[in-house]
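Below you will find one chain, with nothing else, as structure tokens; this is the form predicted on its own, and questions on how it binds or moves follow later.
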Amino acid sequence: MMRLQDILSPFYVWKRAFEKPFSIAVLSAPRPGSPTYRGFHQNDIDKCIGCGTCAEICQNVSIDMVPVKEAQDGDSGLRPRIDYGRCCWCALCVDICPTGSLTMSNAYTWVEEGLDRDVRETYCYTPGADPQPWDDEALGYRKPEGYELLHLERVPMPHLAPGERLNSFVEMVKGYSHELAVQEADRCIQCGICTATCPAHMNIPAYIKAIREDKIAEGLKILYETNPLPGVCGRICTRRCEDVCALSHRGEAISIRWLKRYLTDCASAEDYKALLESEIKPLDRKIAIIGAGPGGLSAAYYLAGMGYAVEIFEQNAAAGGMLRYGIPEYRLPYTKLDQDVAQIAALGVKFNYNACIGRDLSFDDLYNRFDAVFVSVGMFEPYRIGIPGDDNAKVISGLQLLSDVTNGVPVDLGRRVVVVGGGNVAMDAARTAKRLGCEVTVLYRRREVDMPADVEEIEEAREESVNFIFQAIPLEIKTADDGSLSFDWGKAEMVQQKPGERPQPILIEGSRENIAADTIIAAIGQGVNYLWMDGEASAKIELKKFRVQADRWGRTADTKIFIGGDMFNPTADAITAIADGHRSARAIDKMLNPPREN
């Protein structure tokens, strides 16, 4: 039923048509917004990492990521550019920002006069990079305390309790269940900052998405595109990707390594078989690889997949290099390593074990018989402590202990063990000695914060009752009357040498303390054995500071010889060696099978 008001309303509007119009002098009468008004954007340009999460969540496609700074680890160099012709001021971009760099001022008026440019570009700007009057405005919208669109806490990884794991070398990390893996994968914001930092540039967001969607075979295929040892890396990778994870700025990084492990643990034999079903066209070229560590295995996988006949020459009785002989089985079960190696062997790669180049075979022979040679031999020559008495038979290297345990050699360390060092080998040696029933003390010459070992390894060692003495400089090893070792060490003070450099441990004059031990384990680092560089073929290879000189593809002065892994780069971790092998494989292919012009 129509009311009288409905009939008269249009006439009230027409009444206004005959009134004199007027305007408000906006410029002369500022009208600030409320203290928390959602006005024009602000961005702390140095706090922002250019993850693009703001652009991803924007429902109006009003945010583009544009280059502003030079890209570096953990920072894409991109920053958000806002189009106020599209923006609806919903502030979702502020609420989702992982670093908290993006905020909104309470300024809402923006007047331009005498425009001499396209009006469509006038109200587009990059907060923090393009100066604006409201940049330092303290008022405006900020993400409220306690309000989160992101899941900042990681899903815990189940572990064996310390009491359980000390009784054997059974793997201590249990692995994610399907439910836990999906929960952790759901935390990922798919920004890709991690991919840029990963030495192998693995497509981390893609395989995490595959986990979330329960597409195991697809996720496994993504892993193998850049890493042929995913079962290994899912357990022992140094995970630099997690160090730069966008969530780590306000919470805990995504458990990228454990999610990679989940994929390989869930993959069936059929998944692996399907991965290798692609047709390989054999090429009439042969490649020799010296070393079956992560670098050599990686190069072998990708070269074999391209069709090359590949032979690996390994001085030990099994493949893996430091993965097998330098990492205990409670961290990396050798069945998982063998599974990764089996996939490489299935491509037709030939393995020659107990074949030491420079002793059993000559490098010249390989150089003459093969079209290219890739060398990645690792660092197996342990350093001595460098003090009087370190030549005692009861002073052994950490690598010797780990290798003996791997090979099943009987080990008698006695009851009291002292480990000298602060890296992962030192932690592995200490924890291995604990599993052999010893009382273990670690001596490290710097502070705990300076230790190069993974933080989790240090924490787990403590859980297993390993004792630590920091700022302890070894002085002398003597034999006591009862045949045990008497280890003298002095207290160090940390002295700043140069600005920006870490302080150096300096022995405090007169400081001298003693600890008794049945065995002392030196784990202060190791170097490369250059025994393979015999004969004439290696004459062109240049060394500088004990590392082989090569270009970024691993190509040496002799373009037929390529280098990768520990003897090439100072990082000395598995994922970097894997990246080296992949990169050199592409370079070798380009050299031997250059693309033809149409």
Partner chain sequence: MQELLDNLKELYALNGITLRNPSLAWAEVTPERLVGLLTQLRDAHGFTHLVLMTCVDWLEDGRFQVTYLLHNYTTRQDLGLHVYVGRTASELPSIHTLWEQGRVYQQELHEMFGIYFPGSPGLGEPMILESWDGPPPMRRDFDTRVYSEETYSHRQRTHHEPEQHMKDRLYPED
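Residue numbers count along the first chain shown, from 1. These figures come from a predicted structure and were not determined experimentally.
A second form of this protein, the form predicted in complex with its partner chain, is not displayed here; the remarks below concern that form.
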Review point. Taking 4.5 angstroms as the cut-off for heavy atoms, does residue 475 touch its partner chain in the predicted complex?
Key: no
Exercise for review: Answer with yes or no whether residue 535 is in contact with its partner chain in the predicted complex, where contact means some heavy atom within 4.5 Å.
Suggested key: no
Review point. Can any non-hydrogen atom of residue 162 be found within 4.5 angstroms of its partner chain in the predicted complex?
Key: no
Exercise for review: Flag residue 44 as yes or no: does it have a non-hydrogen atom within 4.5 angstroms of any non-hydrogen atom of its partner chain in the predicted complex?
Suggested key: no
Review point. Its partner chain isn't shown here, but in the predicted complex, which of 412-420, 475-483, 494-502, 196-204 has heavy atoms within 4.5 Å of it?
Key: 196-204
**Study point:** Contact residue in the predicted complex, from 353, 383, 334, 123 (heavy atom within 4.5 Å of its partner chain)
**Key:** 123
**Study point:** Listed residue that, although its partner chain is not shown, lies within 4.5 Å of it in the predicted complex (heavy atoms), from 168, 362, 72, 400
**Key:** 72
Practice item. For the heavy atom contacts within 4.5 Å of its partner chain in the predicted complex, list the residues of 167-191 involved, in sequence order. Key: 191
